[in-house]
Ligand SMILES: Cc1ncc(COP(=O)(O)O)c(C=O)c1O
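A single chain comes next, written as structure tokens; it is the form predicted on its own.
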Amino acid sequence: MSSVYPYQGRFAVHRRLPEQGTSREELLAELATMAAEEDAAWETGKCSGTMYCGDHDHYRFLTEAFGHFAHANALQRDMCPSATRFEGEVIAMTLDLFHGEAAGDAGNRPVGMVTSGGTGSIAHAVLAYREHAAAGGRSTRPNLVKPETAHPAFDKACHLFGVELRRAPVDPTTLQVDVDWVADHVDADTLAVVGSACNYGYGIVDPIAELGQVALDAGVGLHVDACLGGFILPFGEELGYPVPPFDFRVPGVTSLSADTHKYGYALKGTSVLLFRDKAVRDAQYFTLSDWSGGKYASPGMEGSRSVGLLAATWASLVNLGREGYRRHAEAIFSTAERLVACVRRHPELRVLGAPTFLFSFTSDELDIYHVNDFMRTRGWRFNGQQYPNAIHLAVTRPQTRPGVVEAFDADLADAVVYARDHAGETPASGAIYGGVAGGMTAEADEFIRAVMTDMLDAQQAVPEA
């Protein structure tokens, strides 16, 4: 009940604008209480992903940078030329990170745009490919080919933009996309194929070079979804970890997305989408020259945007620099190796594929969700998966704190015993993106819809305190 009606009985419930406003001091005290309590859920380092930085000093720095421009609108560049500087430099730094110089061949001009997050970058990429193909009269029934393990944002974008989605299977051992299947299912209406670097479920990089060759042979695009790994994998490569090239150095890669609000350690709500060819990006611009309100144009789906997010993202990149990102990457990669070693000490557990900084594990002997159930009692919050049932941990900076690996090792040992002792019983947890909820059934879609409805509508019905 508390998750549906959060803070009921502790703070006032507002279902209408109050006649008299509440003082700033009282409201700030209320916000501080909620923030402190909710931060405690991840400050232990027992939370998969979500809080990629976990450094309150860095958050305060970003908040101050954001505050200077929070009220400014990126649409009004004549009044806020800083937005052009921030956005342009964020794009330029990201292009440099992903070897944009290698994309400047055959008359191409590599470019980019800042979006509202990973889903925004993926959606804009699909839209750009669709519009570019339509403008060239190349595709009337467009399709996109993605690995089954690629992010659901591709499914959402194809649903929204009327693009057929073809889901490619993955190798059951490597969990990389089946390149031959992709090649066999590309046709004259294919806009692009997709590869992940790395995929959300398993932390595994698809064979981007091989996909690039498929794309070149077929004359289609290749989008690399590096939303998750984009701002850590390049530094892992610099440090000598086995990260294969996945960016514009790879022939055939035509676009790439990378979330600054993940391992870029910026505030939530920013991502960068890059294109090898300026013409593809520009194809998704929207203009309306005959509106009674004046000529309208927008480079993306969003209209008004706070310059504060652009300022904070720029500040994060410039403040940390390559050395800072490299230092944090080393701590994360080495911590991930230690955590994986903890899992492999248990013969009942099996790590899936060859992961990077994110790893997933399952069991052929135990119900892995029993393992998860027990770990939850020790404060751990993993992400549940299915096909096969598994749980994963995206290692972030909070896990690099002293004592976290040791706690994981001890708790996992107890969890294996618990799972063995409760074999045959039904576990409480199951697979759902962003966390673990109750066990899923054939009515999973309706259940999830009901949960989302509760989150949006609950406060309209909660009794006032």
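All figures in this text were calculated on a predicted structure; none of them were measured in a lab. Residue positions are given as counts along the sequence shown, with the first one as 1.
Missing here is the form predicted in complex with the named molecule; even so, the following discussion is about that form.
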Residues His151, Cys198 and Cys227 all lining the named molecule in the model of the complex, heavy atom within 4.5 Å: yes
Which one of these stretches, 315-323, 378-386, 364-372, 258-266, sits within 4.5 Å of the named molecule in the model of the complex when only heavy atoms are counted? 258-266
Partner-free chain; cross-checking the named molecule in the model of the complex, the single residue of Pro110, Gly221, Pro234, Gly118 with a heavy atom within 4.5 Å is Gly118
Of Val272, Val395, Ile122, Val145, the only residue with a heavy atom within 4.5 Å of the named molecule in the model of the complex is Ile122
